[in-house]
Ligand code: 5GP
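Quick setup: one chain, the form predicted alone, written in structure tokens, and binding and motion questions come after.
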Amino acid sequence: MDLVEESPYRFRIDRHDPMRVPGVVFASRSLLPDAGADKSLEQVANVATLPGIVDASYAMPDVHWGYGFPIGGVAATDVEQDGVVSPGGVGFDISCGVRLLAADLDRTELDGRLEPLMDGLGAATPRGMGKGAVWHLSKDSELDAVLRGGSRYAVERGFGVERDLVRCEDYGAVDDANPAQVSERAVERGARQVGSLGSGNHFLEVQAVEEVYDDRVATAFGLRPGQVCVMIHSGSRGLGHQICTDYVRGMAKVMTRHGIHVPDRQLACAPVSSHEGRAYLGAMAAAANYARANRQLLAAAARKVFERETGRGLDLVYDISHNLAKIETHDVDGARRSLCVHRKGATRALPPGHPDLPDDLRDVGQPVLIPGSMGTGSYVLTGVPGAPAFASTCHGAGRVQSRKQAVKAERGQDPRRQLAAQDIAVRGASRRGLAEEMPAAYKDVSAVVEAAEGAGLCRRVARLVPVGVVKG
């Protein structure tokens, strides 16, 4: 793949047939994927062939190979010009995202309290591949309410406070959810998982604010040096996975009828305005609401443990998704256009003054939550004016090894002992599960954030370091 370096953190893939727009990769040279082992840049070019795509097919600094779209891919299609929606541009874990809560507690106050705190969080956090959950829904109508109301419904039922909704993307729920478009199999998979972490790279992590880069913005977010925080990374579990599976299969069958041809069947898609496109967006929104409720329930469980073990509460800093397609209005070639913005392994990063921000954040921009690999730091960023890629940025460190490769690389090592040597307490993960998520399997998150900031996508506010982690 020929790349043209436009600036230190921006590379271009020139348009060639059947691409409709160029590809743009935000990265440093050291972060570019190894073309021999990772085909994600080919996927960037493939995404550029989608009907209705505008501006460019974008890749964030944490880009790596995914299903159809690369993980770290951003693409927008023009709704009024037969633009399409592609389930592969959202991914299987719909609305997988990150929630950050801040405690009125300094790290030094955890001395003597960390072990019982981690024991409590481990016991209160359902995780892994099973069906355990914080909320055992008693009837189908409750799941329907979750799919329609997301965090709003969870708060209504006592799992949180009104301020949680103010500090959550979309005020806690996507309004155009349509549970009728969710299959019975998806409902069955999700019914017993509301309030559960899952496995893989999902986690609940106790962290401490190690460094603040912008005091004014950090204060607005509710963060200060030395403060204890909790970061939760989870998504829509089996329900979202099944919705993606269902709609990839369904759209693959109707593309020819819509006159659509793509270079990779994993890019199955349909016009946003078609029956199939509207049905997917309704089902996807329902899964997004499930994911918001899921993280709300996990936060409620963590709050109880913190109150019991430390006597302190947890305030929500923000909750943001990084696998979603949203209908948004953006300037394209000097005109306001209605776009379907796909962000897969990429997060929205709204600038100061954006009307979708709550009043208490409008002057500083949206909190952007970037988890690092297990055992490394995480970052809080903020959106900046005039950013490219439809106000989007990276979502994490980005894998450089498959899970199988990571386990092989850690053979003979004891990941738990390695983390303990860094004073990081671990609860609940198997040796294999830990090996899959060790830092060697990921890019350097600091380098990823540096590239994102250098490319003008966002700005650093604070860096957090892990103290304890609960894994599936």
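Every value quoted in this text rests on a predicted model; they were computed, and no experiment measured them. Residues carry their position along the shown sequence, with the first being 1.
Omitted here: the form predicted in complex with the ligand. The next part is about that form.
Undergrad: Taking the ligand as it sits in the predicted bound form, is residue 195 in contact with it (heavy atom to heavy atom, 4.5 Å or less)?
TA: Contact check for residue 195: no, nothing within 4.5 Å of the ligand in the predicted bound form.
Undergrad: Is there any non-hydrogen atom of residue 247 lying within 4.5 Å of the ligand in the predicted bound form?
TA: Flag for residue 247 set to no.
Undergrad: Just to confirm, residue 378 within 4.5 Å of the ligand in the predicted bound form by heavy atoms?
TA: Yes, contact at 4.5 Å.
Undergrad: Flag residue 383 as yes or no: does it have a non-hydrogen atom within 4.5 angstroms of any non-hydrogen atom of the ligand in the predicted bound form?
TA: Contact check for residue 383: no, nothing within 4.5 Å of the ligand in the predicted bound form.
Undergrad: Among the candidate stretches 79-87, 275-283, 112-120, 366-374, which one is within 4.5 Å of the ligand in the predicted bound form when only heavy atoms are counted?
TA: Comparing against the ligand in the predicted bound form, the contact stretch is 366-374.
Undergrad: Just give me the single entry in 390, 221, 203, 290 that has a non-hydrogen atom within 4.5 angstroms of the ligand in the predicted bound form.
TA: For this set of options, the contacting one is 203.
Undergrad: Quick one: from 74, 96, 100, 146, grab the residue that has a heavy atom within 4.5 Å of the ligand in the predicted bound form.
TA: Exactly one residue meets the criterion: 96.
Undergrad: If you look in the predicted bound form, which residues in 275-301 sit within 4.5 Å of the ligand (heavy atoms)?
TA: Residues within 4.5 Å: none in this stretch.
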